[in-house]
Ligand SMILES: Cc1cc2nc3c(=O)[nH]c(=O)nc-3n(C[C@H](O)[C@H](O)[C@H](O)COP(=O)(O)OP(=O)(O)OC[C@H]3O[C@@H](n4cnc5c(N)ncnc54)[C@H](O)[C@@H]3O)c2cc1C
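Before any questions on binding or motion, here is one chain by itself as structure tokens, the form predicted alone.
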Amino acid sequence: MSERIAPRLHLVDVADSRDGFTLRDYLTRSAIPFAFSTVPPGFAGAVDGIPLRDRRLPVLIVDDEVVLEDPTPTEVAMQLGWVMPPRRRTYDLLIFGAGPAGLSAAVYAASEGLSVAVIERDAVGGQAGSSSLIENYLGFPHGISGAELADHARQQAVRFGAEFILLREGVDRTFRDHDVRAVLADGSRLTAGAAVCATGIRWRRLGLERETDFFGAGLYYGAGTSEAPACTDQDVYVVGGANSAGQAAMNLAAYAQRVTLIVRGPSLSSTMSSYLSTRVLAQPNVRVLTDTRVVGLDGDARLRRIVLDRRGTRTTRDAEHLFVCIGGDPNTRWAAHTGVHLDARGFVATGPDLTPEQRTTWPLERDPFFLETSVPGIFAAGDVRSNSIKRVASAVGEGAMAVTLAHRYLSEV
């Protein structure tokens, strides 16, 4: 079905729980409404008529009766009926990744009559799904959240016949001319004539000591849409100078007493869209610190303090909410042993960006198509592709273009 029937969900947990954050983040990026309540440690009362004595938190109450104790996102998705086995073994096209590029490819491929399977190991939407508000995407004059935009695209693709294989990860891929093979973590084996790799990027880390310790307990990557209400009347910090950081700052400013945007460079003008930087600088409870880096993290079970370096001067600030939006690194570990070549930064090289050395293994008389990798019939689109423009609109365009080129490739058989 294209429409998800949303059950009543109530998530109950203690404060500052990493597992609770993981579930809130997953549900928010999946555009699923839910209520959230915190209880003190050792709580033995009842919530929604459900006794919590001896329950393992976090607890997710579904429709006031089903209780999931300390569930993983996969277990939640299974309860909601989203995790299904593949309906077939052979497809015309496999799409790896369900961010804007993968979703666009799914819509256009399915609408043109191709059998399509989209394989996504996490929530639909990719990195864009964590955006609180995308204002410069065509057709939405008042903006739209990344999660909502992604869910609309998913529904559209499903209505055309695309199949989504969610919370499954490919553990092995074999890419050959007109012979794409994928083995999923559950043992499913899929084949296709072509593939679109739209696996996107993962948030870049600060590279600081104790960073992993504080993840989900005061330190978050991306806009932190699920955590914004917890920042009410507090001072919060956002690291980054591009659009994702600006969107996070504006979203958090609606809740927090003050938002401090920490920018490594001398200004916002070279890294953030003009409309957004203008709003950030005009927002009365947003302060911008330029020429500044976060160089230290401190706390107990959660983040309590950060150390800033501004032009060589170090200061310590109390901080219980730090949102890191400093770009990303490509999700391309899958490319090992596939014959798909990467550029020096680890992004997938395609078409004219393939070096003469990388083209030595190219087996066809024609040159690779613009979005085609070093393996015929394997295309890359969106943020994972070398020299792509890191914008939602660009990723959507590349997803559609990849399908056109895949059609052309499949007709060569």
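Residue numbers here begin at 1 and follow the sequence given. It should be emphasised that the depicted structure is a prediction, and the values quoted were computed from it without experimental measurement.
Quick note: we don't show the form predicted together with this ligand, though the next part is all about it.
Heavy atoms of Ala128 reach within 4.5 Å of this ligand in the predicted bound form, making it an interface residue. For Asp298, no non-hydrogen atom is located within 4.5 Å of this ligand in the predicted bound form, even though that partner is not displayed. This ligand is not drawn, but in the predicted bound form it has no heavy atom within 4.5 Å of Glu227. Although the partner is absent here, Asn136 is a contact residue: one of its heavy atoms lies within 4.5 angstroms of this ligand in the predicted bound form. Contact with this ligand in the predicted bound form, defined as a heavy atom within 4.5 Å, holds for exactly one of Val392, Val12, Leu9, Leu405, namely Val392. Checking Leu206, Met78, Val286, Ile201 for any heavy atom within 4.5 Å of this ligand in the predicted bound form turns up a single hit: Ile201. Only one segment in the set 78-86, 231-239, 327-335, 263-271 has residues whose heavy atoms sit within 4.5 Å of this ligand in the predicted bound form; it is 327-335. If you take 240-272 and check each residue for a heavy atom within 4.5 Å of this ligand in the predicted bound form, you get Ser244, Gln247, in sequence order.
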